[in-house]
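Subsequent text provides structure tokens for two forms of one protein chain, presented individually as structure 1 and structure 2.
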Structure 1
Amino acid sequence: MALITRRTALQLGASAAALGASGGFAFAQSNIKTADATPPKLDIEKGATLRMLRPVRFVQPDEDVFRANCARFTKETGVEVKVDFVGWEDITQQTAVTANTGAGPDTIMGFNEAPHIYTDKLVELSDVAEYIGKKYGGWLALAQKYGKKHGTNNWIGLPFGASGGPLVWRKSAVNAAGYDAPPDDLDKYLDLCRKLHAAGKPPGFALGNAVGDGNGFANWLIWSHGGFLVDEDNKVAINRKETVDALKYLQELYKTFVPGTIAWGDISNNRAYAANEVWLTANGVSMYFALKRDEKLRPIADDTQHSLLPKGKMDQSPMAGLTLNAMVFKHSKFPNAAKALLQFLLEKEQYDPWLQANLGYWSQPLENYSTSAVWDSDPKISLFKNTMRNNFWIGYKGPISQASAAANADYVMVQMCAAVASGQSTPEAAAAEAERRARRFFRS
């Protein structure tokens, strides 16, 4: 994009409204189907102004389009919207302070479990959710799970998208090992990893204290063997045969990994993959784009494929996407304006350009957006459009709660796996230790 001076920025702002849907940015035309639905009657309060908090962008156009969308809301309704972009690691704490003090932003777009922790401080969003759901072909499974209060049909959050971490692999290496793609069967998958290892092109998955990648791998390992941290009644259920089996499987699988994955953070596999040190790993779409944009790494990008994590014993690939979850606080003086803003942002005139601006980093929560042009922009990323068609979430199978979020953030599952992989614990001892730690979080 050309250099933007203050003056051209002002012109951009002025032309944004004139250009309509694209908000000043050129996007491919998507064919988004809509059904007839009556929007809820939201009486926007007189003199309303809104403050919103959301996580910082992945890519610059994310922020630009988001701001342009909010500016158009202001233009149409006269409601001033101030959006603050907050670091990912801070938004949970800022949400907590906002909820507990009853002051601050009117609406926050947080992560995953946030609305479920502060349910009694939030405005119910069912009217907006039902209208949007009806208009755009229904909410996808993960969106329903994160949006609705547990065991009810009452919406407390409006999911805006999710970011998943499927397998990323080098086609040449996997094909040379005799596979078209990583298999869903656990034994065959182990065989593939062994062959990759023998070929000097090992797989590698983070087993260190890495919030995204570490938990992603540990959850997949346990879930794909039929295990889970807590059952439907929120009882800790990690110390079971399925978990022990999964950990025994890990003992074999870990031998095929590149050395050092117990020390890996969230960024480590990206670096190792880009340096031809790792040939099969799991990551969000960001890694592929980083490779694709770099001239020198382009050959790696060309040889890269994405596929879902192996299903193992489940009928669906077990992966829990990181979900953007918007909520409106009761302390807001303008709850209707806040709801109207969220609804406005989810309408296709705003949502589709934003989805495209994110290049696939975020995947839509609504059925009909799966025809967005963003998923045709590169066939290698089209897999990500199904991120929210998923029945696994952080804290599966229990209700979404503070406890499951805390167990995740405290690496209970990751460290159980790492303890076994490093030979520090037997599978049985590690499962028992995870149970002890989980019980602490899930005590009532």
Structure 2
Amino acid sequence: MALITRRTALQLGASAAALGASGGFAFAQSNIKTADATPPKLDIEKGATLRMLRPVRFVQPDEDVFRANCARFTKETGVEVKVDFVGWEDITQQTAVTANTGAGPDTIMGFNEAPHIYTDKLVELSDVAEYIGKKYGGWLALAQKYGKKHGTNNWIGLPFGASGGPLVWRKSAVNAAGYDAPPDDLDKYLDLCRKLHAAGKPPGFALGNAVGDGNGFANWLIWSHGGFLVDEDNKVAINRKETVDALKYLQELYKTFVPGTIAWGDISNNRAYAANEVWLTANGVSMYFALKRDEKLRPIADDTQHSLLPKGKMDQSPMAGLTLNAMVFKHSKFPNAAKALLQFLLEKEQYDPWLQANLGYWSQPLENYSTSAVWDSDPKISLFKNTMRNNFWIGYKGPISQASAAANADYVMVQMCAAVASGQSTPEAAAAEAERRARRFFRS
């Protein structure tokens, strides 16, 4: 997909009200409240230098402001920081290599449950987390779930934000189908998709091995019907009536999709939506801004709306935001410097400009950042503000663990859904196969 330039970001995401900010950007003034909090005593090691690894940006200003913030840390502390941005499909593998070899970056921003896989290889971050949490109104639900080691108050990760993947839809098409917006009721939602398909304006959702979109759709499908991969006791529970019902629903829903979604990756629906091939999908806010900045595609942006995925049988829309989760490795020679860097990046002087630069792509993990000016910059992105208030996570309902991370990385849920959608398996057989595959990781 097209990426947003620095110039465009200023046009789209920031107002004329300026505060001096990172890397030459000007940002709107935010009213970020703070409470009195005593920062931890972090004696930065003499001669410290740091290397950080994190996923590549989806919008260009993310990288620009992040680098500028790290440069400011260097200016204030004398600690040189090298940041490497790597592909989303590569970050998990490189994290594993780093953990298993005991060499490489001092700190990595991985996805979701990454710190929970390598707990014994990581430096505890509770002192930083408690200070930042107290100062900025507390950590939101999803941040606490991914930040704390299960069953404890010990922080092993510092979530920096989550990317939501709600419904993205063309208002003209949905209205013409007789709906003001996509409904929460699953039967009515299926009816909408059938009508869109009949009108030649079909929906489309990724069923390929896509880190964000594939997992997001498969999890929503199962959760919205009351199913889950494992229960609260970490016992595999995917092979149950709720799952089979969800897969039978998928058989009907898939008939309405544009062809080819079985092979879709994370960028596929962006292209299809921009080409008027798909009129209802799920995506982060980056797609909307890419459309908005392209004069030829601006009419699509003007017709685009966002809403949460249908609740189905749940009390809230079952969506697990894709979370950036920072960790510090024990092999680092400079753990205090690494912790100081993460703390510095989460302070409002650095964090709010970065949040604004992302134009709503990453949603804040801390309560008080919900008043960032970014959420007033465009009414169509306000929905993304609450991404980290959601009570669903990868591996729901079980504890976040190495097993849940492995099952997610192995696309157990996604491939179960794809097998049914493609006609290669019945719902019953697919649920049984997912159970078999999951047991390899959970050993239950």
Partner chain sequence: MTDASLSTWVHRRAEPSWLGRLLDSKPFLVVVCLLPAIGLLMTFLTYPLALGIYLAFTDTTIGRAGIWVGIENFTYLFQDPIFWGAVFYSVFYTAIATVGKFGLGLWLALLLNNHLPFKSFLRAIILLPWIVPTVLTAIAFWWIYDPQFSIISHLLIKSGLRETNVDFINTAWPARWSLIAANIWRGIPFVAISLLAGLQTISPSLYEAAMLDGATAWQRFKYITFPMLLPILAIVMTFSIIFTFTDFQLVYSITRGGPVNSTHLLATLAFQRAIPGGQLGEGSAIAVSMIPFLVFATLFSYFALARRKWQQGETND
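Quick note, the numbers are simply positions in structure 1, starting from 1. The term rigid core refers to the most C-alpha atoms you can superpose between the two forms while keeping them within 1.5 Å. Here the structure is a predicted model, which means the values were calculated and not measured.
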Is the form predicted together with the partner chain shown as structure 1 or as structure 2?
1
So, superposing on the core, is the move of Asp191 at the CA at least 2 angstroms between structure 1 and structure 2?
no
For Glu124, decide whether the Cα shift between structure 1 and structure 2 is 2 Å or greater, given a superposition on the rigid core.
yes
I want to check Thr49: does it shift between structure 1 and structure 2 by 2 Å or more at the Cα, with the core superposed?
yes
Superposing on the core, what C-alpha displacement does Lys333 show between structure 1 and structure 2, in angstrom?
4.2
Enter the rigid core superposed C-alpha shift of Ile91 between structure 1 and structure 2, rounded to one decimal in Å.
2.8
